[in-house]
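Heads up, the chain shows up twice below as structure tokens, two forms, tagged structure 1 and structure 2.
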Structure 1
């Protein structure tokens, strides 16, 4: 049995693993795809403290090595279900194995909604980004387009107007302007939390309900990163959540 299982090996999950491992507890991090999460698709990160610019892959590798060197175990298996054990712990079933733990941290992140089939065809080989604050500086002085009709799209458009030479703002399914050199998609995100429905409280959009202490509605279950109900979803806030979730999980183990 592990002291803590972390589901998701993005920035939040791996950072939480670092804190748990440094505390001398056994920790397993389960990831269905690749460590680093969505950030590995970002070519240049300019808003991570201490790094003028770093690729998503390089940043993910640095955090992975740190977690691994401290003793955090990372396995690439998809979590299929989580059950509460008779002793109050948890049984995590993956597509390959079963693992038990005393506490758990959910760090599964979100997935951005994709362009419509028509817009994807219009986009062709042009670069597509899902985060203006992450990638906007890469297109300074260029022509870009923001796709989306909600508040996020409006925010992304205003942000890019200070960077790009020209910014189009179009709605979902509108044609992509031919002269746009990059496409910023802001049509919403979907949290990866389906497997936890019934275990912890989710809001109407599927995000795990938790405050800054990262405690969920179920004792022993904590949450970190983009899948938590919050206002700002950035790398640094994911890392901050990880520290809070790990601290809360460690306190739970001590009190138990």
Structure 2
């Protein structure tokens, strides 16, 4: 039985792990992919205090080492479901194991929104990417299309114009041009919260409803980072949430 299980090892989850481990409680962080979360593909972060510029991978490694050295254990397993135990604690089931805890912090972040069914059908077997910086170089001299209407799509289009021979920029309901050889999707992000539907209140877009105290609608369940309802989704706000969620979870353990 762990005192606290944290789901997601992005910046929010790992920072929460630092706070819980420093408080002397047992903590397990479960991560389905790689620690660091969505920032790992970003090359130059300039708004993390204390670093003039740092890559996402380097920042993730630094926070990982700090959490690990303090005793936060990270396992690479995907959480598939959470059951409430008879004693009020939680049974967290992953694709490999089951773990019990007294309190839980959801820090599962967001993923890129996928193409509509119609555009996905149009795309067929053509490669789909969600990151021009990561994959753009693979399409040097080729024809590509960027799907999306916001600033990110504009930024991706400009970036690819220096690499591809032709770049279409279309909206989320336009047909995919037949001659495009790769599709870059930039139509926003959605929270990774379907696992928690029914356990905690979600808003209409699927974000976990919680205020600055990071308490969800279910006692003993807290939320931190981009998957929470809030205005600003950035690294420092993810870390700020983590401190609030960990403090609230530790108080819950003390009161329980």
Ligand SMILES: Cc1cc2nc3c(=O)[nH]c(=O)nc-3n(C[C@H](O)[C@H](O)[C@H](O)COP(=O)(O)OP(=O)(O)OC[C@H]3O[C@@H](n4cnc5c(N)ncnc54)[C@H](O)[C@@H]3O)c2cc1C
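Throughout, rigid core stands for the largest set of C-alpha atoms superposing within 1.5 Å between the two forms. Shifts are known only where both forms have a C-alpha. Computed from a predicted structure; not experimentally measured. Residue numbers count along the first chain shown, from 1.
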Can you tell me whether structure 1 or structure 2 is the form predicted alone?
1
Taking the chain as two rigid parts that shift between the two structures, would residue 196 and residue 101 be sorted into the same part?
yes
Smaller rigid part versus larger: rotation angle between the two structures, in whole degrees?
50
Give me the C-alpha shift of residue 172 between the two structures, core superposed, in Å.
3.5
How much does the C-alpha of residue 120 move between the two structures, in Å, given a rigid core overlay?
11.2
Moved regions between the two structures after rigid core superposition (C-alpha shift of 2 angstroms or more, 3 or more residues per run) are 112-188
